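Next comes just one chain, in structure tokens: the form predicted on its own.
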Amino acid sequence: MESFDIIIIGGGPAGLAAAVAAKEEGCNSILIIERDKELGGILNQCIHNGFGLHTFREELTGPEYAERYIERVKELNIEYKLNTMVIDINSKKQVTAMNKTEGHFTIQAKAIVLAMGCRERARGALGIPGYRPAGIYSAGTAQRLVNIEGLMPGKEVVILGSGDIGLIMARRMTLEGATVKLVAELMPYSGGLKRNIVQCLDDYQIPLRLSQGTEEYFSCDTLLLSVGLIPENELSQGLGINIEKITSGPIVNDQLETSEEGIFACGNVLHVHDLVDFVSEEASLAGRNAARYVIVSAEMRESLAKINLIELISGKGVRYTVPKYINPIKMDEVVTVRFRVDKVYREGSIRVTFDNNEVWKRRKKIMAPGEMEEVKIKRQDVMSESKLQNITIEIIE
């Protein structure tokens, strides 16, 4: 059986960043497995700009952002398999996959990084009947048709849901000559970034209707659905990895290690992100920690596993946190904890408490579910609390 130190499942932005970081950490035996015909993942169809402001300090399109990492993967001679579907992972870290040239095969890994990304919630979840209803597309499918295939789904468009892909497609369809009648959102707030509301709707006079409580009629030939993303965690669930109900992604510690030792998760398979820059940052952490896991001896791993973990608790107004646990011995000097709030807060504060003691508080003018928030937990602060059990993050109005 062929073997690698690290196998990374997914060749999108998360998988690429994890592979580069693992190689730079000193791990030479790495394999990326990607089911598509090329590396880059969803970024290949995101031809709009706005990527890379955090990572590269410049504004790039999705394909340009992906190409930076693809070039680095090739420079570092990291192996990858394309057109290859992973169908199973077992507790021995054996990955079973298949493709046209090699058929059905199994590869052994010492560590695995899950970077499968996410998928769009389908029309069936909304109760839209029929097998092939004409004119109804997910926003991502429409994006691929327009940007990759050069096909227009329709000319009179209504968009249901205000996720970022839907907002971006409202602008894209308008630029291609379609009339976007409106974006309709069930919730009292948009699910997308504020900048996308301004740049994709306001700049093109496309109305956004929130909290629909009355009926209105709009004629259209195309309905685009932008009603949420779901992490691709069928492989994770098959392995028995503990899943967070709110995110539908694996529960992880500060090393981004799942409940299965030596298996790490990052990117949209862990929780849905708003910016790809944060995906890359998180994936780099997962790749580095996977490499460190491979290098550390089994005896050392066993001793570190016995350390009592500190639980991160989602307090008032916080839907979830990533990570869910911190290992005080293994943690980096600073751990970034990301989370989303449960509603729109104006002039609220983020508060962090160690057990019942407030250690940090920051006021923010506005917080919304569509934009990810973060706090930094310092190792020196954690280590100063000898019997610390819980860290609570909450919103104070």
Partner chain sequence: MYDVIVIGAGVIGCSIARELSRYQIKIAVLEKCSDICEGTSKANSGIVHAGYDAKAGSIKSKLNVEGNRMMESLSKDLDIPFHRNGSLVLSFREEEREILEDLLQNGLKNKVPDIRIIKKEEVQHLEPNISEDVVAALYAPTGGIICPFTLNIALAENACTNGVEFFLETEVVNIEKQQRNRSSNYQIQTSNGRFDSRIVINAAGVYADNIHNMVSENKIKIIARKGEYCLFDKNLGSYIKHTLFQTPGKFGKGILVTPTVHGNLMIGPTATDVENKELTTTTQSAMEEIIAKAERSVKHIPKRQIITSFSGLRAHTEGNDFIIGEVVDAPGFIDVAGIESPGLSCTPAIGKFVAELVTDIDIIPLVKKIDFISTRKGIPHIIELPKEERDKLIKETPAYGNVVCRCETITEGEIIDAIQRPIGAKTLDGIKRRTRSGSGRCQAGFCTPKIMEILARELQINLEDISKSSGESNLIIGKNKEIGWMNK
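Positions refer to the first chain, counted from 1. Every value quoted in this text rests on a predicted model; they were computed, and no experiment measured them.
This next part talks about the form predicted together with its partner chain, which is not shown.
Engineer: Spot the stretch among 249-257, 181-189, 159-167, 134-142 with residues whose non-hydrogen atoms come within 4.5 Å of its partner chain in the model of the complex.
Structural biologist: After filtering at 4.5 Å, what remains is 134-142.
Engineer: Quick check on Arg35: any heavy atom within 4.5 Å of its partner chain in the model of the complex?
Structural biologist: Contact with its partner chain, yes.
Engineer: Is the gap between Gly317 and its partner chain in the model of the complex 4.5 Å or less for some heavy atom pair?
Structural biologist: No, Gly317 stays farther than 4.5 Å from its partner chain in the model of the complex.
Engineer: How about Gly154 - does it come within 4.5 Å of its partner chain in the model of the complex, if we only consider non-hydrogen atoms?
Structural biologist: Yes, contact at 4.5 Å.
Engineer: How about Lys92 - does it come within 4.5 Å of its partner chain in the model of the complex, if we only consider non-hydrogen atoms?
Structural biologist: Contact check for Lys92: no, nothing within 4.5 Å of its partner chain in the model of the complex.
Engineer: Quick one: of Glu261, Glu234, Glu75, Glu216, which gets a non-hydrogen atom within 4.5 angstroms of its partner chain in the model of the complex?
Structural biologist: Contact residue from the list: Glu234.
Engineer: Using heavy atoms only and a 4.5 Å cut-off, determine which of Val146, Leu208, Ile313, Cys220 is in contact with its partner chain in the model of the complex.
Structural biologist: Exactly one residue meets the criterion: Val146.
Engineer: Output the sequence-ordered list of residues from 370-387 with at least one heavy atom within 4.5 Å of its partner chain in the model of the complex.
Structural biologist: Read in sequence order, no residue approaches its partner chain (within 4.5 Å, in the model of the complex).
Engineer: By 3 Å or more, the Cα spacing of Pro129 and Tyr189 differs in the model of the complex; is it closer or farther than in this view?
Structural biologist: Distance between the C-alphas of Pro129 and Tyr189: shorter in the model of the complex, by 3 Å or more.
Engineer: Mind checking the CA-CA distance of Tyr131 and Ile230 in the model of the complex? It differs by 3 Å or more from this form, so is it closer or farther?
Structural biologist: So the answer is farther.
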